[in-house]
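The chain below stands alone and is given as structure tokens, in the form predicted alone.
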């Protein structure tokens, strides 16, 4: 599929819908199922565990949405990483009380931060985190915006892990079939354009800040997922 040779960004419908819109609510439910099918919670948890030299005390998730994805990651990590303070960053706070209680039950503290990601990572907000994660988030950006985002991440953490759509024929074909498991029109549209905006090879390594202190890893995980991690090797 030659049209997948280069990234192509198309606005996703979910981003334009109010959080209370019924189609948006349905699409967020679809995302929970799709993340489960792709095993993104296990992929992110494994990459964090592999990259951390010691249990982190603070963790930031970019584009956290309703927080349910990070809660599933926390379920995998809490037995070996106790007492983490996790910050869920998004442009709107839609984290419900049940999700907050889930973190508390694991012994984690949870905070929500409502802000644009570029404001949160700007030099005016220099708060550091032991680890930063992103799930199905980086593919919304390209060019200078993506470089700026990753530079902001690199200036605030020593470990970054991202799970993104893999821009490949199998993933694109699968994205056209998710209606068969009941995904709504928003999810069907967004799944296709997400793959078209996804990553392959070492595309994210190529836009990460060029510094010898960083050890970068970029690989395919399963048929649908592209994983990027960056670990600072020296202080």
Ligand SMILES: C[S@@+](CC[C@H](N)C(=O)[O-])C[C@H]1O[C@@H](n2cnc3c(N)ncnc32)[C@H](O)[C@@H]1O
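Positions refer to the first chain, counted from 1. Just so you know, these numbers come straight off a predicted model, no measurement behind them.
Not on display, but discussed next: the form predicted in complex with this ligand.
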Subject >> Single option in 80, 145, 115, 98 placed near this ligand in the model of the complex, where near means a heavy atom within 4.5 Å >> reply: 115
Original post:
Within 4.5 Å of this ligand in the model of the complex, do 28, 31 and 136 each have at least one heavy atom?
Top reply: yes
Subject >> Options 180 to 188, 62 to 70, 167 to 175, 44 to 52; stretch whose heavy atom lies within 4.5 Å of this ligand in the model of the complex >> reply: 62 to 70
Original post:
Looking at the partner-bound form in the model of the complex, is residue 35 within 4.5 Å of this ligand by any heavy atom?
Top reply: yes
Subject >> Partner proximity in the model of the complex: residue 127 to this ligand, non-hydrogen atom cutoff 4.5 Å >> reply: no
Original post:
Is residue 76 close enough to this ligand in the model of the complex to count, meaning some heavy atom within 4.5 Å?
Top reply: no
Original post:
Quick one: does residue 155 come within 4.5 Å of this ligand in the model of the complex, counting heavy atoms only?
Top reply: no
